[in-house]
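As a starting point, one isolated chain is supplied in structure tokens, in the form predicted alone.
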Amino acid sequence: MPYDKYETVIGLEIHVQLATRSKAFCGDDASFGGEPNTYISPISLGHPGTLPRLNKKQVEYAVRLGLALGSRINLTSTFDRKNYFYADLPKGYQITQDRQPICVGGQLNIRVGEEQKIVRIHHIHMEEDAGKSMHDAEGPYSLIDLNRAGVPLLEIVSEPDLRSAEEVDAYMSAMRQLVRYLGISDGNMEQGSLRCDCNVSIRPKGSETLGQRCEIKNLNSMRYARRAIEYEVRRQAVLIESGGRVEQQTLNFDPATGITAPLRDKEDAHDYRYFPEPDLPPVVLEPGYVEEVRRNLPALPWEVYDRLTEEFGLPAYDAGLLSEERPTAIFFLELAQHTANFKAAANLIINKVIPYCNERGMEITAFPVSHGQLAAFIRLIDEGKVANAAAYQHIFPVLAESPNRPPLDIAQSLNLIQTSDEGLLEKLVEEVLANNPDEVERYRKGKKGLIGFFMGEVMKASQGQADPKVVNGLLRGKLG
């Protein structure tokens, strides 16, 4: 099958569940979990005679995201009713924004391998979530949990700028990172806090005409999104090559089988019978309000990444890992105030602190060792008092369990302080060379890699206390 003759075209609709305390249009608890159908009220259940009221925090979070993405903030935006029937939609309609969304335009830069790509944003709108249907809990029956009904969402609609499953993965990852940096969502895909609908089509390479798209609904995993897109692209190519035609449909992806299957014919806007929400007035924002939100924006992920590479001189790999989560970036920046060896600080966080926290299921903000103590740990190595391997393997574990104990004290108690006494080390070097005459002869005949063997023997004879730099110099001098 000549898949390479086609170009994939993908647009995403990302749904971000906001980290507000209450729901979008009533005071019900918006927390995840809880016993089924306990975070509800007559308003979220859509009882007759009840009226919605807007969540102020939802508006602030929408503006915050729009500003971060460079969107134009609509100072006047309106709500609409999107009418459709589904068992977990108690009102029979969803309050959303159709005609005048709160944010228009913008873009997000993503990295795909070594390449950078700009993904344009069409708009961002506010809406409420539906409940949750469970189809496999009680045999032939479907169960409905309405705790999620009415939880505030932002829907981020991209332009069809994505061309592969890899780019979708990078875009979703970057958006998840951004909403977490902004503090507007936990971005937990397993809990449905971030999920997406993928609009996928293909067209002959070189063509500017968009193909007929199919929408894959509710993908809540990067891996599922990649698999679903890859399958759907192949399905559409096979269909076209065999003389068929792609129908506009809404599809479901089954992770167990790895295939997409039709849910229904794709609705157009007129099928939802949008009309202005009669119970909510327009949202009118003052320019001063927007500027206040702008002033309170934190440093954004790409700004932090650039600072780590430019100001602190870190490699791209280190900067990427450290800027992935905002608390980790803050942890590094605070440690950098206590040491000038930024590369050593990055290595310590990446190789020891993060794994330590991950193994114990703790946030890096709960790591028990102070930045001053970690800087003293780095100084032990920089000053040649302790070998790097010995510090990482023996001192760090003790320091993590006894965070107030000075690293130097730990090193002394473990007998790890290195010696630079040239007289003592020269004697050890001579003994090692005398005990290994064959290796000495091979070294002098060109086997220069044996320097590592001699180093190891001297370190062993000194019980790990010999300064490697001094030993190396002595060995090379004795060996010629």
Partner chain sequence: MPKYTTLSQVQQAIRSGAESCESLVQYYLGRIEASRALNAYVEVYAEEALARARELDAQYREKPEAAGRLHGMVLSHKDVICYKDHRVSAGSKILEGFTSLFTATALERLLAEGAILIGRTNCDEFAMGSTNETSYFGPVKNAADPTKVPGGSSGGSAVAVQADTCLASLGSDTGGSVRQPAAFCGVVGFKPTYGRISRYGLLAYGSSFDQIGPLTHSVEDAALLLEIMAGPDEYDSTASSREVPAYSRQLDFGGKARLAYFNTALEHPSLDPGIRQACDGLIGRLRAEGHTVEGVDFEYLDYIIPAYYVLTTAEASSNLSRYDGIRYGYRSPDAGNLMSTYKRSRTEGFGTEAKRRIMLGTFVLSAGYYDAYYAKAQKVRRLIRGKTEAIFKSYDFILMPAAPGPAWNLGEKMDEPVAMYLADIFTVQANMAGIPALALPVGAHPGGLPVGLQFMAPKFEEGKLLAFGRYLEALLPGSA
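Positions refer to the first chain, counted from 1. As the structure is a prediction and not an experimental result, all values here were calculated from the model.
Keep in mind that the form predicted together with the partner chain is missing from the display, and what follows is about it.
Proximity to the partner chain in the model of the complex holds for none of R21, G33 and R326, with the criterion being a heavy atom within 4.5 Å. The partner is not drawn, yet in the model of the complex one stretch among 237 to 245, 171 to 179, 149 to 157, 85 to 93 has residues with heavy atoms inside 4.5 Å of the partner chain: 85 to 93. Put simply, L450 is far from the partner chain in the model of the complex: not one heavy atom of it is within 4.5 Å. The shortest heavy atom separation between G423 and the partner chain in the model of the complex exceeds 4.5 Å. Interface membership of L51, defined by any non-hydrogen atom within 4.5 Å of the partner chain in the model of the complex, is confirmed. Using a 4.5 angstroms limit between non-hydrogen atoms, P281 touches the partner chain in the model of the complex. When the partner chain is considered in the model of the complex, only one residue from P276, P397, P315, P204 comes within 4.5 Å through any heavy atom, namely P276. A heavy atom within 4.5 Å of the partner chain in the model of the complex is found for exactly one of E310, E303, D271, E363: D271. For the partner-free chain shown, P42, I43, L45, G46, H47 of 8 to 47 come within 4.5 angstroms of the partner chain in the model of the complex, judged by any non-hydrogen atom.
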